[in-house]
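Below sits a lone chain in structure tokens, taken as the form predicted alone.
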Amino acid sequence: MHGLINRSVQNFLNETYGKNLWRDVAGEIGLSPDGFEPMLQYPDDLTEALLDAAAGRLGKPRFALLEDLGAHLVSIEPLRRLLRFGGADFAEFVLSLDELEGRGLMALPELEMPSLVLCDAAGGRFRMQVHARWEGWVAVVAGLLRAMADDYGALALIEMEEAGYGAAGIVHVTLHDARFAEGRRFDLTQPAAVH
């Protein structure tokens, strides 16, 4: 697994649950508290052990942990900005997700991104297949979609169907109200730094 993914899990655990939890998880899997180097490759079984240890210590199902990770990714402002360029509203954003893998590979060709295939889009209902070698991507995508719906101020129901190893998971999106609440502010240009 790419170190950037492992490092994202590490940062999520540190920022959400604290450094003590991260130290305990790292110790359990035989890793230095410094953690993962973002640009290195790591064995998949180390990533699996990381997720199992974190889920065990938190007492939550692994897929729930991965959904939370997906939501957390939206709080990283450069990634949020990249995602928001996908559309002016949440529906446009969902329709643009089949381009996400290509955008990610342009930035990091060695990163294994899931392939997102929109299978159905009618009347505010979307059905998306998440093709990936790693089954956890479907939960990460579901969490990311939930957080992006909030970011746009949309009221949407996001449901996932887990997949087996190497199979396509499914994420269902039902958009109830595109303007349910005021979304987070987003400008095409970043605000100038104040000196």
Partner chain sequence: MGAAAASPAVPLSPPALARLMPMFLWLSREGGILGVGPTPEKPLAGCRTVGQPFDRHFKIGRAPCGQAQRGFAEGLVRRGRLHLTLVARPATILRGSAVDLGAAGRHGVLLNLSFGIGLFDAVREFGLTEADFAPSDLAMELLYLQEAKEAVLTELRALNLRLEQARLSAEAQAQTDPLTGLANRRALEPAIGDAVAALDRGGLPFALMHLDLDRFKAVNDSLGHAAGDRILERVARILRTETRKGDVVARVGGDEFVLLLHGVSDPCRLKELAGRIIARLEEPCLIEGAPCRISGSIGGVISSAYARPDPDRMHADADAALYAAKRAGRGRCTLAGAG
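Residue numbers count along the first chain shown, from 1. Keep in mind the model is a prediction, meaning the values are calculated, not measured.
We do not show the form predicted together with the partner chain, though everything after this point is about it.
The candidate stretches are 59-67, 150-158, 136-144, 39-47, and the one lying within 4.5 Å of the partner chain in the predicted bound form by heavy atoms is 39-47. Although the partner is absent here, R81 sits far enough away that none of its heavy atoms falls within 4.5 Å of the partner chain in the predicted bound form. Among residues of the shown chain, E112 is not one whose heavy atoms approach the partner chain to within 4.5 Å in the predicted bound form. The partner chain in the predicted bound form comes within 4.5 Å of a heavy atom belonging to V117. Under a 4.5 angstroms non-hydrogen atom cutoff, the partner chain in the predicted bound form lacks R125 among its neighbouring residues.
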